[in-house]
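The chain below stands alone, shown as structure tokens; this is the form predicted on its own.
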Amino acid sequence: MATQSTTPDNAQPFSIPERALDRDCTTLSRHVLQQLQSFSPDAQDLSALMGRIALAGKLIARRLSSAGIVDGVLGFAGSENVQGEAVKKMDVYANEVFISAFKQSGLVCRLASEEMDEPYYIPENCPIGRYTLLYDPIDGSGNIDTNLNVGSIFAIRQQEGSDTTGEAKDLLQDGSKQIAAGYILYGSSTVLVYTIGKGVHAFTLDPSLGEFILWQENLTMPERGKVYSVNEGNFWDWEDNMRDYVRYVHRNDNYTARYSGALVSDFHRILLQGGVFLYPGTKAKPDGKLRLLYESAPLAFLAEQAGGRASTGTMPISEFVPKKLHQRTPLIVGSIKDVELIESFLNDRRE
């Protein structure tokens, strides 16, 4: 008995578009070289740096996926970081992963993290490693125990001078000294977003290949969005002008609140959909909570490359010069029109 075909008469043979094939072959390291249009030693170094960051992200993603199964993922480590904040076990693990990923690389002389009092030096790399990696190993670690999104934030700067004193004074410069920045978002998929000053580009980790594959190039943030992201639990600790802005969005039907407790997660939404994230200072702590070198400056670089804006409320984040390694700063980042609106409230120049 002949079998009847279930394929429609007008069905086309299965094929993969040429564009999809090309995109699927674009790994992170390859993309960096394409952006620089060069195979020079500097270009290869930057590509290798991004490759090592990607490796750290893969290891952290694998560990997070085992939360509740293996030890060392959930709960507190029983210590505090330099800012006096309770440290989660994953904070410790992720910080060690970044150090291990770069120890044998020959690429960086030092790493600076919000989890360490002072920069971590790799002496054997210093004669050849001309770069510094600054990073927040786990942003939003309070979300881990409830299986919510977390992330890692990173920036690369070129080391200036011999830095024989170990004080890293050359890091106390504004955001224009960053040569690359980005973040890794750990969620339903693992996404890496980066810029080297040539637009903002996003990659998704393909677990079957073990590679970050190009997802979207040249991301552009809408000029105005509908989302505002802020911890309104601090409402009564803010200055009057900031409270006035939040009252304004409460009365305006065009806005909706979204706040996850993880900066990377909230920023990623705004990068794609528009809007604004803000973590202002309070009356007691006017400098705010977020660290300039590890959080605010890298995300400001990304926002500006995507057509957005990042501000302390009174000046661009990219122009802020830190006085110390763990300098804190208020942060307002997102769509240019939304950030400008908040600045008008803070500077009392509303129309």
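Note that this is a predicted model, so its numbers are computed, not measured. Residue numbers run from 1 along the displayed sequence.
In what follows, reference is made to the form predicted together with a small molecule, a form of this protein that is not presented.
Requested in this report: Specify the contacting stretch among 177 to 185, 102 to 110, 217 to 225, 272 to 280, defined as having any heavy atom within 4.5 Å of the small molecule in the predicted complex.
Outcome: Flagged stretch: 272 to 280.
Report task. Identify which of L290, L49, L325, L28 has a heavy atom within 4.5 Å of the small molecule in the predicted complex; exactly one of them does. Result -> Contact residue from the list: L290.
Query raised in the report: Can you pick the one in A262, M90, M242, V193 that has a heavy atom within 4.5 Å of the small molecule in the predicted complex?
Result: Looking at the other structure, the residue within range turns out to be A262.
Requested in this report: Answer with yes or no whether N231 is in contact with the small molecule in the predicted complex, where contact means some heavy atom within 4.5 Å.
Outcome: Yes, N231 is a contact residue.
Requested in this report: Find out whether any non-hydrogen atom of E295 is located within 4.5 angstroms of the small molecule in the predicted complex, and reply yes or no.
Outcome: Yes, E295 lies within 4.5 Å of the small molecule in the predicted complex.
Requested in this report: Find out whether any non-hydrogen atom of P119 is located within 4.5 angstroms of the small molecule in the predicted complex, and reply yes or no.
Outcome: Because no heavy atom of P119 falls inside 4.5 Å of the small molecule in the predicted complex, the answer is no.
Query raised in the report: Is there any non-hydrogen atom of G140 lying within 4.5 Å of the small molecule in the predicted complex?
Result: Yes, G140 lies within 4.5 Å of the small molecule in the predicted complex.
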